[in-house]
Ligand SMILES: Nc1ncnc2c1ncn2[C@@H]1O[C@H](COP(=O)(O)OP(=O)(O)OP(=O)(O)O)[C@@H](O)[C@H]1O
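Okay, here we've got a single chain as structure tokens, the form predicted on its own, with questions on binding and movement later.
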Amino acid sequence: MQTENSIFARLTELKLIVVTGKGGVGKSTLTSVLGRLFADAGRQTFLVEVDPRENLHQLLGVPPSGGDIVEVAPRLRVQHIEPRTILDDLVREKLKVDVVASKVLASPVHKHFTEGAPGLKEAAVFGRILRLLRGHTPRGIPTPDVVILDAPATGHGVSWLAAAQLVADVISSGPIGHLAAEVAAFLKDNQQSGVVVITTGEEMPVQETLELIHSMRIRLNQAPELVIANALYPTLPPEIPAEGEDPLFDLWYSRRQINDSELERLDEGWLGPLAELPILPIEPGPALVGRLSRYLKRELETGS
């Protein structure tokens, strides 16, 4: 097992970090936090999201991306990607003639294929990320050193990571087949890409985290780089008042006991790096991201 002192150094060597976790655990918040840390460390960092609701801009205090690359701070940018748009752009790029491309895009066959083909949209998203990393950015925007993907929740996490290989196995030629094969090779290279899993100290998020870790081992022969346990209640003081004397303390005691029990279960099933972050009374936004960035930096540099 790596020491926490080496975890951040290891993460900063990667070109792609996929962040996943059960819905509601703070996945988008921690994507933003990691982005802040990487940018502060001198890395040109792009945050990419695919959720139609666009959460990252609210957390970072910038306007919605709407598909554009939006600058948040020096070395930190965010972009919302629509998978269907990427596939349509691929058609236009390959056909080059607008009239022909428009006919293809309007055809029922194309729409049925792009909507129904398993793994195609996911492979397209990773393909766009790979292009960004290779310098295909708009004029005046630097090539990212690292892209952090705010990926779908854990229930779809392994499917997303396995999608490109699935497409490559089915489509062996043509632009889509070549793209899928490139993406699959990139995602298998643990010197270039890795996964960070977000959980909380609660039963269902921990269960989904353990299931994701198991699925990654079985289906991908991979493991997460890091698991982050978010929104933990403060550790209990040595002096504990009698039950019923302080209802507020009783609530604190109850929630922290659940956290401790679930962290113990997580520790039994996950032997890799684990960072713990506290629950904070701050609304989602730049202030929360900034505060958690300081906590996570301390965790990764000094250990818990």
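The shown structure was predicted, so the numbers you read here are calculated from the model rather than taken from an experiment. Numbering starts at 1 and follows the sequence shown.
FYI, the form predicted together with the named molecule isn't displayed, but the following is about it.
Listed stretches are 185 to 193, 138 to 146, 71 to 79, 227 to 235; the contact stretch with the named molecule in the predicted bound form is 227 to 235, by a heavy atom cutoff of 4.5 Å.
The contact with the named molecule in the predicted bound form, taken as any heavy atom within 4.5 Å, belongs to P278 out of G272, G61, P278, G42. Residue contact with the named molecule in the predicted bound form: D267 places no heavy atom within 4.5 Å of it. Using a 4.5 Å cutoff between non-hydrogen atoms, R36 does not count as a contact of the named molecule in the predicted bound form. Proximity of N55 to the named molecule in the predicted bound form: non-hydrogen atoms within 4.5 Å are present.
Taking non-hydrogen atoms only, L288 approaches the named molecule to within 4.5 angstroms in the predicted bound form.
The candidate site formed by G24, T29 and A153 is fully in contact with the named molecule in the predicted bound form, as each residue has a non-hydrogen atom within 4.5 angstroms of it.
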